[in-house]
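What follows are structure tokens for two forms of the same protein chain, given separately as structure 1 and structure 2.
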Structure 1
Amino acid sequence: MKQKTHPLHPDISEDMWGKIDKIIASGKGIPGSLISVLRESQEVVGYLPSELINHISHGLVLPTSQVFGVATFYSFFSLTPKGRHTIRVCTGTACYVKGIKEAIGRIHGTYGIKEGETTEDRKFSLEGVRCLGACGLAPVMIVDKDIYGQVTSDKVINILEKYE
């Protein structure tokens, strides 16, 4: 059997590399599989460090430039580490009209992070999402997988304080 070598990376364990190799093997030779391989790999590690991108491009036999190009094009992919909890604030029109801007301002004021940033203790990452399609609940915020509707700037910090 061919011996595989993995680059060393502090955020990727041997176990994770094993999973990633399986993902790459399942996408190899299938046209258009790159985006799903990147997505599944990001689910394993939490983000896409450049070593991982190199490994994927090697595994799928695609130019590294193409893999980087795709990873940087879509907002779903992140090349930097994420916090333990991801706050996704909806910045769709209904949420905007109903005051999500004030809620985002409050998060910025309390935790010092803007959209796309992570707190220094890696507790929270803040992301802006272009419409979650739950306009009936506007303004909407999702923390990890919990959906919160009608978040006012007053409520937002109370909600976030529940997360460790």
Structure 2
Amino acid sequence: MKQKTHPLHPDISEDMWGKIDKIIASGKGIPGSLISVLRESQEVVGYLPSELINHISHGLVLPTSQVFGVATFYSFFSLTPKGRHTIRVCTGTACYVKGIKEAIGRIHGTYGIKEGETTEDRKFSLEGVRCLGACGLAPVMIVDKDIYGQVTSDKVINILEKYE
């Protein structure tokens, strides 16, 4: 019996490849399953590196260009590693006027990341969101699923220090 081999990737363990193989097998031959296979695979790894896209392409017997095209079309897919914690800062008008720009600047000064970037240790990813719909709490920031209102440049680092 031939042993199945997986591409080498520093972020994907053999256990993860096993889970991904099961995800691919559940979607193989089912029209329209590509998005769910990509979503579930991203949940396992945290993002979609090119080796994973190639593996999914091969497993679903789809052109790599098609898999890559879907992965780059939808904003919830990421081709780059994300941090363990995602910081979403509201950059809507109310938050902007009340000082979120200064809080973002403080995050940049402390952790060295700008919007759309991840810290080198992959602790945090910083995303700017046009509006979080909580203008009464402005400026607003969400870390993972925790919502913080009236975030100032003085408070933002204390908030982030709570996260490992």
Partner chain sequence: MNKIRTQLMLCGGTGCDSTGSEKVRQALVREIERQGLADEVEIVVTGCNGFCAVGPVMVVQPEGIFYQKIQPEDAPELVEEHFLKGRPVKRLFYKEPASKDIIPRMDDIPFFASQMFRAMRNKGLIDPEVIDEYIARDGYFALAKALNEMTPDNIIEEMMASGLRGRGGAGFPAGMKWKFAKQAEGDKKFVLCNADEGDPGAFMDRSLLESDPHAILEGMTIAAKAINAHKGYIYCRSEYPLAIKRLGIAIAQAKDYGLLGEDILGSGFNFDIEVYQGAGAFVCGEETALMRSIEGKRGMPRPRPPFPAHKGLWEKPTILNNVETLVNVPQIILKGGEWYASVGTEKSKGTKVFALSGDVANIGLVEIPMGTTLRTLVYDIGGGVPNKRKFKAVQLGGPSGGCVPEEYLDTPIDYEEIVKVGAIMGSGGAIVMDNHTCMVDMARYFMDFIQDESCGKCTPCREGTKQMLEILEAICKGKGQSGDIERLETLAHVIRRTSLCGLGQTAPNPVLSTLRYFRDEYEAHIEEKRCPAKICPDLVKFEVDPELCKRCGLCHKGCPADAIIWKKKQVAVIDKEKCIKCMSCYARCPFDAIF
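Here, residue number means position along structure 1's sequence, counting from 1. Not measured: the values here are computed from a predicted model.
By the stated condition, namely the form predicted on its own, the second structure is the one that fits. Checked against the rigid-part motion between structure 1 and structure 2, the candidate from 112, 136, 121, 82 that sits at the hinge is 82. A two-part rigid motion is described between structure 1 and structure 2, in which the smaller part turns by 19 degrees against the larger.
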